[in-house]
Each structure stands twice: as C-alpha cells, then as structure tokens.
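The chain below stands alone, shown as structure tokens; this is the form predicted alone.
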C-alpha cells in the first residue's frame, strides 16, 4: 500500500446493529398498540436485518437484476424470470418470519406486528417486500369465494418459501401477485379492456378464460395473480394461477421487464394472456369491491415502506455525522448540521406514528364500527402524506453524507431511487387526495371518526387545539353543499385539505407517543408553520441536540 494512502476520518460501516432497539420510537409504539407482543422476537429480527450479511444481500440483489427468459434454447416459450440467490434469501427470511401471513394467523395484533417487522426489513431492501405485500393483501379477496379460499389459504399461510416454478399443489408455499392497470387506463381501471369468457356458465367461483394484457405486474414469478377483467356483467375480479388445474403452464406470457428508476431487485413486467384459465371471485361486475381490500392493505404497506426508507436514511445521516469530523469537531456537533438531523428525525417520527396508528386500525376494524370508519379515512390520509414526505427526507439525508452519499457503495442512492415509488403505487397523489374527499362526502362518519381521534389529545397543546378547531370548521365548510368530488372548489383544494388533516393527526399522535421535544417541535414547525419549510430551519428554542441524538443508531 502506498505510504500516502492512509484512511482516516471515515465513519465505520453501519452494520451489525439491532434496527429495532436502535429506533427511538418503534418499541414504544409496539407497546402502545400491541400490548403483550414479544419485543425479544422483534429485536432478534432487528439484529438479523441489521447484520452485515443481510445488508450485503440487499446490495447483491440490486446489483444483479432479474433476467427474463422468454424461450428456452430450443425455441419453446418458458416465460421465466431468474433472480440472484440474494433475492431468494431475503424472501426466505421474510416468509419464514411470517411477514406475508401474520394478520391471518389469528393473533390479536397481526397487522401491527407485521408493520413493525416490515418496517425493519424494508430499511435494508425494499424490492423483495413487493411480493410479500401482495400476498398478504390477497387474502380478503380470496375469502369472498370460500371454496377458492379453502384451496389457497393453507398454501399462503405456509412459512415455507418455495421458489420452484411448479403448480401450486406441488409447492410447500406460494406467493400471490396482482394485475390491475392496463396501458390505456392506468389508475382508471374501469377503462380496462381485458375480457373474460365464462366456461360452463361461469358465475362466482366458476371458470373463465381471460384474454388481454397488464401494463404493470410486479413479481411475475408469483404463483397466482388477482386480476381485473371485463366479464359480461362488467369489471370483475379473478384468481389467475401460473398453472392450470391439469398441470399445464397457463396461457400467460411475459412481454418484457420494466426498466425502472428504483425497486430494481424486483421484476415488474408487462404480461399478456390469451385464453388464460382463471376463477371468478365474487359476483360478475363487482371486481372493484372485491379487490378493494387488497388495495387497502397494499396502501398500508406503501406507508410502512416509505416510513422505513425515511428511518434508514436518517439513521445513515446521523451515524455519518456522529463520526465524521470537520473543522475541529464531529459534524453532528455543528449547530446547523444538528438542526438538519433534528428536523429529519421529527419528520421520520411523524411518519412512524401515522404508520402504526393505521396498522392498529386494521387490527381493530373487524369488531368496532368506529375503528372501521377511522380506518377508511386513515388509509388514504397516511398514504398521501407519508409517501409525499419521503423523498424530501431521503434527499436531505443523502446530502448530509456529501460525496460519500452519492456513490453506489453507499445505500443512499438506492434509498433515493426507491423513495418516489410508494407515492405512485396504488394511486398517485391526486387519486389518493380525492379518495379522502370522497370518503368525507359519501361517508360523513369518517370525518367524525377522524375528529374524535384528534380530540383524544384536546387540551395538551393550545396551538394544536386551535388548528384542530380551524380544521373542523374547514371540513364542514368545504364539504357542505357539494355533490361529490367533482365540485371544483373541493377537488381543486383536496391536497391542501388532506395535508392539513394529516399534519394535525400526526401532531396529535406525536403528543401521545413521542418525546415532548419532538411533539412540540412538530407543532411549532408543521402545525403553526406551513409545513413546507426547508429542513434544517428549526427555530430557536427547539432542543436540536436532544433531537439529533435520538437519530443516532446505538
């Protein structure tokens, strides 16, 4: 080695640490929303995900991208996507820990526990979480057709990861995907042109042959897909497996893999099907109603995934600045850098409380009408706000590392590429904001449930109380007399309305679950302020040293 090549003042790699125990907020949220959960198990999973080995799997899976093989060497159609072994190791780790199945295993807090585990795993690698997410979310749609559910549930609930390209009946465990969007419609799935022809009369649970295409089908090697197609009575939902009941490969062809900005370890494909065998779930013409619960669950995962990216980015920034020295001291000791890290920590904790409250509403909605109404509004509200804030946080955190954060050896470029995805997947910003307005107008009780949730912290902070009162008046005024989301003044201001609701709710949740320093700083800057400030502009009086210290992984 050259005598001039002395490596100094470089932070150690952030590896071999417990992601769960290092998080300043997560254990407390688990205790609040899932009393009795085994913290030791979560901490064990946090240590596994934070190990140097598993972190390296994430890098390997993203350096070695999926490869599509449309034909074999003899010219036979095979439609197979090959993945690097690291991808399979990550999926095996997720499945063996029940990240795909926990909500359906009978526990009282399945969604909260799963959100906690997914929050940890998605910090290290986000792509493998996509097939896991869709598999979890498929269960309610399958249960609309009991005879289909009886066949598929045991395969889905299995904690064996089986990567074999075989009929589902011959596998020890399966994963389920989804195909909704088509090239001509995008979010407007009612414009779908794929068609379904009944076999022997069709009907609920009956056989159909599907012909058409899907513009985005993630994880095309999953064992079955929930797809929307036009049946004689209208848009309907079908379960379309990769193999037919007689053991033949179904008539599904993969046209190409998408060349994406991020989520590159995960294959997203354009697929065509020409007479593909499928079974109808529910009634013909009720496809959107059947698949809605799948969409709701995947929207929760959009929130969880974005919160995870924010936490990992801020952990990396805080770790770097706690070790890197400049101008005589560590960077995090500099007042301005400390302000930036503190501000990012506030934003990240706000995302986490919204994530966990939404997950808890899933657990509680089954037998509680109020929780069901609250869940209806929380899903799009949290999805809109958290996914929108994610990219700004990750970008600012990357900048804290300077040039070290801009090179691929760092995880930061990957986090930045991942950050816009969840704001697009399962409905981009306008679609989600309008969904909130639609819920408020068609189901006014959702607005009442929202205000009741915020009112649980009434009296804790005068500024928050004033903002809540103003918001309640705005909700009443904005929606009274409208005939739907098409009303110009309501639709045009939907983003501002939803942003105000999310900010007030996050403040209320932080008052309940975060440190007083975090809650007070959030209220001062996001509730009293306009929420659109540049990071690193916390005002005098905020204890930035305490807040920045929380962000440093230990």
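Being a predicted model, the structure only gives us computed values, none of them experimental. Numbering follows the first chain given and starts at 1.
Keep in mind that the form predicted together with a small molecule is missing from the display, and what follows is about it.
Residues within 4.5 angstroms of the small molecule in the predicted complex, judged by any non-hydrogen atom, belong to 177-185 and to none of the other stretches in 325-333, 177-185, 371-379, 203-211. A single residue from the set 123, 315, 321, 217 has any heavy atom within 4.5 angstroms of the small molecule in the predicted complex; that residue is 217.
This chain appears without its partner; in the predicted complex, the one residue of 429, 107, 140, 282 with a heavy atom within 4.5 Å of the small molecule is 429. The small molecule is not shown here, but in the predicted complex it comes within 4.5 Å of a heavy atom of residue 260. The small molecule in the predicted complex comes within 4.5 Å of a heavy atom belonging to residue 134.
Among residues of the shown chain, residue 344 is not one whose heavy atoms approach the small molecule to within 4.5 Å in the predicted complex. For the chain shown alone, residue 268 is a contact residue for the small molecule in the predicted complex, at least one non-hydrogen atom being within 4.5 angstroms.
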